[in-house]
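What follows is one chain in structure tokens, specifically the form predicted on its own.
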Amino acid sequence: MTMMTTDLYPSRVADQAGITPRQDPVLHATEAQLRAGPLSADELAFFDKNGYLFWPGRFTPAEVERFRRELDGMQSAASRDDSEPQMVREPGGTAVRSIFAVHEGQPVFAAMARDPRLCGVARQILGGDVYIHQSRVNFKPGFIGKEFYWHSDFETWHVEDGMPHMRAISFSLLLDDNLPYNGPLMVMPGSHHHYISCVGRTPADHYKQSLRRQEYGVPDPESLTRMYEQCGIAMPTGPAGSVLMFECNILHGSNSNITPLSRRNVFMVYNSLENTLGAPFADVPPRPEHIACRRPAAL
């Protein structure tokens, strides 16, 4: 377990929000590791500058159909059973919002986590062995799928999980066509170079509420406006089978889905084995294992 004595990224401890420079590199690998990996020099440069990459049609229609069948069974079981802690419902409703730890006990998604199109890129960016910090499916059913407000994943993973450094990345595999009007993910390119600290003390068991609608760890409007003015907004959209990779500290969010079209995305979050979790930097108990892995094993 990584031991930390200094909080490099304090948040939720002051009465005012702040924006400070990132203190970690974006590309953690050596020059030799970067040259040996699957991403080209141009792709690495784009990711370093912008904090995301998008690949249309990364997975085949047959692969997508296999993922969908597995997901349909999981969603049907979740709809019948309220007792599973991995299942999160929409705020104010009963529709399934997210299912966590989908790579555990689900062979199809376990294989996805080990697919070199994902974990091979993660090793190249993060510079060595990686493990799954978190996996989940985010559902956005037509008409009722709610928004995910602007946030940096790292702020939460740091404060509530004890992730010491910005050395993790997420991959979002699109299981439905992500269109400009059915609630696709938006990112602020380049915002990963800045850390936004948030206000408000973190309540105990905050995750039980925040996974439905987050209130703590949400950037303030002034900071978001400054980041928008500096970075703008990109909306990577494409057909099912496409993959969006984004850096752990990039600001991202998505609107509600008021169309008839569903928007289901599978997320695999890779963390470096040299960046494992310590005690949360907030004075709260660690979040459960299905949300933040504390028993890492290299893929």
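Numbers follow the displayed sequence, beginning with 1. Keep in mind the model is a prediction, meaning the values are calculated, not measured.
We do not show the form predicted in complex with another copy of the chain, though everything after this point is about it.
Another copy of the chain is not shown here, but in the predicted complex it comes within 4.5 Å of a heavy atom of Thr225. For Trp150, a non-hydrogen atom is located within 4.5 Å of another copy of the chain in the predicted complex, even though that partner is not displayed. Under a 4.5 angstroms non-hydrogen atom cutoff, another copy of the chain in the predicted complex lacks Ala110 among its neighbouring residues. Using a 4.5 angstroms limit between non-hydrogen atoms, Pro38 is distant from another copy of the chain in the predicted complex. The single contact residue among Asn257, Ser242, Asn265, Ser272, judged by any heavy atom lying within 4.5 Å of another copy of the chain in the predicted complex, is Asn257. Among His103, Arg123, Lys146, His165, the residue placing a heavy atom within 4.5 Å of another copy of the chain in the predicted complex is Lys146.
Between 30 to 38, 46 to 54, 246 to 254, 62 to 70, the stretch whose residues reach within 4.5 angstroms of another copy of the chain in the predicted complex through a non-hydrogen atom is 246 to 254. For the three residues Pro221, Met235 and Leu261, a heavy atom within 4.5 Å of another copy of the chain turns up in the predicted complex in every case. Along 51 to 65, not one residue places a heavy atom within 4.5 Å of another copy of the chain in the predicted complex.
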